[in-house]
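Taking the form predicted alone, here's one chain by itself in C-alpha cells.
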C-alpha cells in the first residue's frame, strides 16, 4: 500500500480572492472567493471563477455569495464549505491531513478566529494556525522583519485595508479599516446610479475601475463607454464616463484608506519613523494596483511608497514561507486564547 504524505498548505482567505500555496510546489490555486448555491436545496453548484461568472446572472433560486465581506466572515457555514472544497481541490483527503496556515485580517474577532481554525480542522486539516495578513505580506515582500528596523506594509484587499509597522518579528503599530476594493466598486455603482440613472452590476463597476479608475491625476486620463439598465425606462442605455468623474466618485473610500496610513505612521515609535523615510513603505494587495494610489499616499505622507513585485501574491507567498520553515517561524502565528 502506497502512503501519501500530506503536503502542508498556506491559504490566503481574502474577501476578493483565495490563494492556496502547497509546500514544495508553490501557488496551486488562485480563484475568486465566491460560492454559488441553490437556495432551495442548499447544494453547492460552483466555486471560484465559475461561481464568479454567475454573479448577477442567475435565476432567483441560485445565489452567488462571497462568504467574507469587509474582511469579516458573514456566513460561517458557507466559509467552512468553501475551505472544505478548497482542500478537496488541492488533493486533501481523509488519508492526507496537512497542517494549514490561514492568512486573516488583523481586525477579525476572537470568535471569527476560532471559527476559521475550527472550519479548517473540520474540513480535513490536521492542525490550523492563523497569521495576520500584514505580517504574511511583509514576509512575502522579503522585508527583514526579524531585524530591529521599521518595516511598513500597506495591504489593500477587497474588504479591508491594513497598515502595519513590523519590527523584530512583531507588529508594533497597526491601523485597519474595513474599506477596500469592493467599496471603490460600490462607489462607482452608486455614482452611475445617482448621476446617470443607470444600474450596473459589481463586475461592470470593477471593469470601469480597471479601465479608467485612479486615485490621483495620472496625466493620461481617458473615457469609458458603459452599458446598463435605465432605471426610469428599464431599457438598455449607454453613457460615457470620464476618468475625472470616476476619480471624484471614489474619493471617499480612497481618502479613508490614505487617512488610515497617516494614522498608522502617527502611532509608530519615532526611532522607527526614521527608517520609513529611508526604506519607504511597501504597498501590497490587489487594491494597491489602482492607478495613482501609490503616488497619492506618498504625496500625503511625504514618505516614499514602493510597490511589491508580487502585490496579489505577497500574502500567500509569505504564509508559504512560514509553511516551508514551519518550526523556525511558528512564533508568527496569532495566539488563539483558550
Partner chain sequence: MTVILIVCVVALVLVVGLAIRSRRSRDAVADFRRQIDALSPEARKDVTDRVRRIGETTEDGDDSGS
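Numbering follows the first chain given and starts at 1. Every value quoted in this text rests on a predicted model; they were computed, and no experiment measured them.
Separately, the form predicted in complex with the partner chain exists; it is not shown, and the next lines address it.
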- the partner chain in the predicted complex: contacting segment from 97-105, 78-86, 228-236, 161-169, heavy atom within 4.5 Å: 161-169
- Task: Please pick, from 201, 217, 144, 197, the one residue with any non-hydrogen atom lying within 4.5 angstroms of the partner chain in the predicted complex.
- Result: 144
- Message: Between 38, 53, 273, 309, only one gets a heavy atom within 4.5 angstroms of the partner chain in the predicted complex; which residue is that?
- Response: 309
- Query: Closest heavy atom of residue 27 to the partner chain in the predicted complex, within 4.5 Å or not?
  - Reply: yes
- Message: Please tell me whether any heavy atom belonging to residue 298 falls inside 4.5 Å of a heavy atom of the partner chain, as the geometry stands in the predicted complex.
- Response: no
- If you check in the predicted complex, is residue 329 within 4.5 Å of the partner chain, heavy atoms only? yes
- Query: How about residue 249: is it within 4.5 Å of the partner chain in the predicted complex, going by heavy atoms?
  - Reply: no
- Note on the structure: Taking the partner chain in the predicted complex and a 4.5 Å non-hydrogen atom cutoff, the residues of 310-327 making contact are 310, 313, 317, 321, 324, 325, 327
